[in-house]
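One chain comes next, on its own, written out as structure tokens in the form predicted on its own.
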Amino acid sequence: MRPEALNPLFAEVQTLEGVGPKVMKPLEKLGLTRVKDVAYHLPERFVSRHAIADLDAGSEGEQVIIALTPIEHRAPRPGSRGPYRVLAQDAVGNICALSWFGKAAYSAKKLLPVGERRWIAGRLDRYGDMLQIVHSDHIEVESAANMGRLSEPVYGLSEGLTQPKVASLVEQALARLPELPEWIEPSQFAHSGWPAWRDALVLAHQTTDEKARDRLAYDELLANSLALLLVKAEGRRRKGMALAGDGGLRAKLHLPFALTGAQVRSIAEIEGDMAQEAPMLRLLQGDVGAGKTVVALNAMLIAVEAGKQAALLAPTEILARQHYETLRKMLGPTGVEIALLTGRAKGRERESILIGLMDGSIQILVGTHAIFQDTVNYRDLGLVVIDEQHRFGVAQRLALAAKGRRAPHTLAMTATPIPRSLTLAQYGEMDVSRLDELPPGRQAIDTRVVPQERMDEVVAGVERHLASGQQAYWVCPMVREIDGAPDIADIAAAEARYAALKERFGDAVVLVHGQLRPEIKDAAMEQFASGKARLLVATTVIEVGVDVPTATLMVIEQAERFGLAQLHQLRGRVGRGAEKSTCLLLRGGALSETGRARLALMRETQDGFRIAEEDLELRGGGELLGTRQSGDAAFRIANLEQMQRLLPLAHADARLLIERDGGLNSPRGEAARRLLYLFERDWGVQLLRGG
């Protein structure tokens, strides 16, 4: 049960003055549904403005306050996406355009009557030969003195919200903050010089105080570390089973390749964990093509040799089917019974699988989320393997683990190399094995950067490639074209590229993207995997798990729009067979320095772990840290620099509380319970017996 002291913060945001149905929609888009969400909606930056007497005293890019008198309203043409403009003049007759896009224009009509002077606050930019202010932050009738601070916070907005409205809601939310007992370890708190929790939140909204921001980031990292350690501690407490196989089934595998040193090491680590009664909780982190499937198969065979069942959970049906086919071929000589269960299994087929699981005749099950539904029961589940771990939340993982008579061992896998600096944040409750070497004989992929202007040459090259009997991928950053701002309209769309290539290559081309119905997507993938289709046009839906050894060419259009980790994963779809493979990175004309560095690194290396570290340095941790994952709250406050600096301290503090200072039942632990709820890591509390 949530601590009573937090109840005011968990009140619905509608309890704040000024939040009606119209304001509620944009607040929901920002994830601001409760009072605490508003309190933690920190400013993106602070602006400092200065008052100017006329436009001649201002410069482009400056934040200013100026008195202007509207002289003309200009609405956009019907059907146009242009802005609503109000032409206004300053004290000496200079003209400035005040511009609004979308629904915000309605406020301009009311607040800027022609001939009546108003004080305007905003950023001066240029529109043709004229200065303009887009979406002014404040419009006041009286004078600049009524505009509040000259330095003020700037909040992230959604259409329908204004800076003054969000500032008003934040002020109300901060007024409801209770005084809470301290959860940070006393010596750490004294050494840091940080403000108390309530003071830190208030300061973070009013100033650029680094200590206040650090305090709040530390709280978030501490909450995450505590929750992950509680999961691990609870797993250790649960009654598990020691599984030791005799090696008989593994000896029958007859793999056509030798295992790498990293694979041998990882298998030994897993075997050692499974031999313990405490349930294993291990992450297998492997680069593209490093051989995670073989390691997972060895783990599953240990469970089967010990008389137990194993289940492999995949995030998509395509990936589940590929795993099933790969494992079925490898298991041929062993006689082990394997089955596939997805949401599409119906009637007798599904019933037969459910019976086989209950009587134990099915020893290994591969499937999607369907494998942990209430109607699916196992005779004796000993091992759970979860592929693409980052796609599943803790709750889903625990639902599958609950299928065993005793707590089964868990092996999670990810094909996305994760920088060491982030591993602790995302997988702090897991032991980690890393596959950091590729199997012998794997050929390097020839990676080239090609300007978009050479598109005709690239298409001709694809034609020669297909004519030689080989297959290819063509990846675009978007599904379909969107009318709107130039930076959106110019993005390459898979549907348009598919139409153009189909006109040239006919039925040899198929299309796959995330908005297609599953059966259509699966049918297209099946055509490509079987060789009936020669060219697959797609979005990043093929980033992980697609394995077609005969595909030896990858074209990535507008490659500068992808992150390094994405490019590495996409490139990894080729180079999976004996033939030499090529990856063409098509780039646009205007490349930023970061874009150039990103593409240069792709040419230089195929080491996914190095690429992940460089990606983090080049574009920051936002994508890795900010992705909301299956019910697990994202990092909203801690940035990359704070993580690298504060996470080791937070993790050490969490361990101190759990292992030395009495856990959540101690006085400091009671305070820490509040922290877990504040940052939505309350599943850590729920896992505790009696928690």
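Counting begins at 1, following the sequence as shown. Keep in mind it's a predicted model, so treat the numbers as computed, not measured.
Beyond what is shown, the protein has a form predicted in complex with adenosine-5'-diphosphate; the following relates to that form.
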At the 4.5 Å heavy atom threshold, is G343 in contact with adenosine-5'-diphosphate in the predicted bound form? no
4.5 Å heavy atom contact, R576 to adenosine-5'-diphosphate in the predicted bound form: yes
Can any non-hydrogen atom of T293 be found within 4.5 angstroms of adenosine-5'-diphosphate in the predicted bound form? yes
In the predicted bound form, does Y106 have a heavy atom within 4.5 Å of adenosine-5'-diphosphate? no
Using heavy atoms only and a 4.5 Å cut-off, determine which of V288, I364, L283, V509 is in contact with adenosine-5'-diphosphate in the predicted bound form. V288
Of these, L354, I95, A278, L259, which has a heavy atom no more than 4.5 Å from adenosine-5'-diphosphate in the predicted bound form? L259
Of 194-202, 602-610, 250-258, 208-216, which is the one stretch near adenosine-5'-diphosphate in the predicted bound form, taking non-hydrogen atoms within 4.5 angstroms as near? 250-258
